[in-house]
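Okay, so we've got the same protein chain twice, two forms, each given alone as structure tokens, structure 1 and structure 2.
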Structure 1
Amino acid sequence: MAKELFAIFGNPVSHSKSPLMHNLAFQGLSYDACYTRYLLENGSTLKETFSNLKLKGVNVTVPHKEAAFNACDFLDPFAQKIGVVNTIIEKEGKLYGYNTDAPGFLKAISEFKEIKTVLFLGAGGTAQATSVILKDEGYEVTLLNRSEERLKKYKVDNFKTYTFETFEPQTYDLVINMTSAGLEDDSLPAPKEILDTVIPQAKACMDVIYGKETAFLKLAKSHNKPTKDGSDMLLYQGIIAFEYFTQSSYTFESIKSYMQKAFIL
């Protein structure tokens, strides 16, 4: 049987640790496959690109998670519910879509205790997936976004939403940067005067960006708050994606034992 090929689609994608994570697991578990990265500039070409590269599966990162949803022939119930996909596998010529961000995120924040209220900074694809699973698990989620347009679907689902102009600060146990602000520069996900209002009241702060201390996390530390970057979320969603890629041939812990090495290399 030919070696299976997997990839991550995104823009930007050069920073992604996913190839290292998955290749360490493929090698460690003696699964005959290879995982690479692909800079996908236009999300509407996702399905065509997947086919042309003869891939068996992909992970999809910003800004193409909604395009990935639209590219799939079949969707699992949770992906169908939230409208975003970050994991696709090919079976008999059809594309099957899943979302592993949400369960990975839920596992990542489980170390924060006594968290009830959560403020999301940003309302993109990652927020779409994680807001729903948090709500299902009993958390109260509020979304703060630069523009009104992205908030419309959250309002329909009865989330509290604000723009920078309409924001009315409350106390939030956990404040999370869900945007790419800080990935390639020192920008903040919201105006500093807003962050200086909500961070001091929070129990902890988290950033979905991984591998660097963003300006947001630095600001949280200046207020003496416990912080966490997106490494655990990336690791856990990657393990769940790997389970889909390999038809659940391996246990969560056995995959984790190899994948987590990517964060110390």
Structure 2
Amino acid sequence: MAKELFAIFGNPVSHSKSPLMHNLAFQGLSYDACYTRYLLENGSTLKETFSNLKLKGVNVTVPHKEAAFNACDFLDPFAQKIGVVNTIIEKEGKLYGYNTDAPGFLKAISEFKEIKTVLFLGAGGTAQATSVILKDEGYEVTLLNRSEERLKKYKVDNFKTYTFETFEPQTYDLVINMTSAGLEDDSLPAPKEILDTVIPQAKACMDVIYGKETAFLKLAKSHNKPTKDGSDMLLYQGIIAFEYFTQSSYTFESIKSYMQKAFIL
């Protein structure tokens, strides 16, 4: 069998850890494949690019996850439901689409115990898939966003939503920064007065940003809360994608043992 080729499509894509994560696992598990990155400028060329590069599978990142949804011939039921695809595999000339961001996130938060109510700070693309899977799993999700616009679709789906101006704090077991606030600077995802109300009552706090201690996580730690950044979420979505790429040939834990080395290199 010829060596299989995989890639990540995104724009930008140079910062992505996915090539390192997947190549470490391919190498460690002696699976004859290679994973590269590809700067895809125009999402409408996704299918043609996939075919021209003779790829076996891809991960898709910002801003092409909806284009990936549209490019697939078959969708798994969860990807179909949320309209967002981040993993595609080719089988007999057809493209099959999945979303591994949401189950990866679910696994990352399941390590916090006795969580029922969750407050999302932010309502962008990452919140979209993750809010649906949490709701499906029986969590109560509330969204707090800086501006009204992005909350509209969540209202339609019967989530509780607030802006900073309309917020009526309740008790939340888990508070998660789903915004990009703190990624490039030290800003907080919501006014400090709001955070100082919800964090002390929470059992734990999480940030989807990874690789740095954000101002939000620092604040949570100052309230002595257990915290985690977005590394596990990133790792777990990668492991689930790898399971699709290799058609479940390996256990989650065996993939993890190699893939997690990407976070210490």
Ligand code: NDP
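Since the structure is predicted, the reported quantities are computational estimates derived from the model, not experimental observations. Reference numbering: structure 1, starting with residue 1.
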item	value
Selected structure - criterion: the form predicted together with the named molecule	2
Two-part rigid split between structure 1 and structure 2: Lys221, Ala127 together	yes
Degrees turned by the smaller rigid body between structure 1 and structure 2, as judged from C-alpha superposition	18
